[in-house]
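Given as structure tokens, the chain that follows is alone and in the form predicted alone.
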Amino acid sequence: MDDGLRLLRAARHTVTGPAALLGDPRLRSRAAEYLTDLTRPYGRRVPDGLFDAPPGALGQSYGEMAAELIPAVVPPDEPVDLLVLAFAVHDMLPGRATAAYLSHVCPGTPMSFALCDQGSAAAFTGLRIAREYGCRRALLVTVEQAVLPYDAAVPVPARHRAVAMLYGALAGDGAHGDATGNTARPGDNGATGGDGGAGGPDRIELGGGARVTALRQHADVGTGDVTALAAAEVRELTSGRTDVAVVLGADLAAAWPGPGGGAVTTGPPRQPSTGVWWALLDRLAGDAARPRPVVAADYEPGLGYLSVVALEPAGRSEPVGERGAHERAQPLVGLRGADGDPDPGAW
């Protein structure tokens, strides 16, 4: 029996309005002082008077972005055991214990923590931790905001975006869905790929859900090696099947040597944390009427992490990439640390 997780519900949001917390002059002043102190040793400078700008020009609060998504995927009667917040670019209130705050507003008051300093690999690492944690329900939230108050060495994301994904244990424990596997809830809007803009979070229709059958992360992958390695992973996980969709992060897609056409979905550019998950939800929603397996992959060029995940529509008898019984005790390939974390110092 598979001991993994099934993706039950998902929601996403493109945030266009100002962060409410930054409307408070005291918090703005504290944030300016905090960021100035943090950036000074690295030769960065927060411009004088930056925080005198209107709140809408100052960036976002991840606590606000994620808290708006939680009710869209977690009903009050389905408490969560684990909450993971994944991000690369910090928000405008980096001194706030955001993961602890989100535990407070999430049903179940779950154990929670944040993952950063792994770039686009952070959400994959969060999913692997959720898979190995042994919880009944895990909420994975990945967020990014498009403003930094100083010059950065890399481009900031193009838009403020957040994606929330609720995963549940596969064992028939009643932790998810009804007897038919239907994960819809009263009030779900059944959205299938909207932008999740100013109208509020966009709930994604997933039908019976999708189970995670493989999750692999490779460290120390050079830019000259990543395309061949990614292609080999996709070939292995699809096992020559022609009904498998492929979803790629924008950086990986730019150099992808595999087949093109409708089978490959590409994440939006300059959305390193949310892009591949945004595209994955597009793919799952688009295939909801006739579900098929999906393999998603992303590459973090600055750190050399290649991450790959395979999902299978719930109820199928031939999972993609599932390990045999003799393999389940084996560590994931190519990991740097003995504990399976591609960067043991990242959290």
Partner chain sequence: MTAIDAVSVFLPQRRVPVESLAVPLGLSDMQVRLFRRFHGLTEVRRDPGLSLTDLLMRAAAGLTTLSTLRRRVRFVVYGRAFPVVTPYPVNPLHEVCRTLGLGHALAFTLTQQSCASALAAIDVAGRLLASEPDTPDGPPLALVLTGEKAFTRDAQFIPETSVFSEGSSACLLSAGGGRDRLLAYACHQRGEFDVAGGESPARFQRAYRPALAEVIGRALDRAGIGLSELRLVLPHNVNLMTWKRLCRLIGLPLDRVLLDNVTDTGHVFCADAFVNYRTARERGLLRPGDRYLVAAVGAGDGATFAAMVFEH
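Remember, predicted model here, so these are calculated numbers, not experimental data. Positions refer to the first chain, counted from 1.
Note that the form predicted in complex with the partner chain isn't included here; everything after this is about it.
Considering the partner chain in the predicted complex, the lone stretch of 240 to 248, 227 to 235, 161 to 169, 109 to 117 in range is 109 to 117 [heavy atom distance within 4.5 Å]. Although the partner is absent here, R203 sits far enough away that none of its heavy atoms falls within 4.5 Å of the partner chain in the predicted complex.
The closest non-hydrogen atom of F87 lies within 4.5 Å of the partner chain in the predicted complex. In the predicted complex, at least one heavy atom of Y305 sits within 4.5 Å of a heavy atom of the partner chain.
The partner chain in the predicted complex comes within 4.5 Å of a heavy atom belonging to Y150. Scanning 26 to 45 for heavy atoms within 4.5 Å of the partner chain in the predicted complex gives R26, L27, R30, E33, Y34, D37, L38, T39, Y42, R44 in sequence order.
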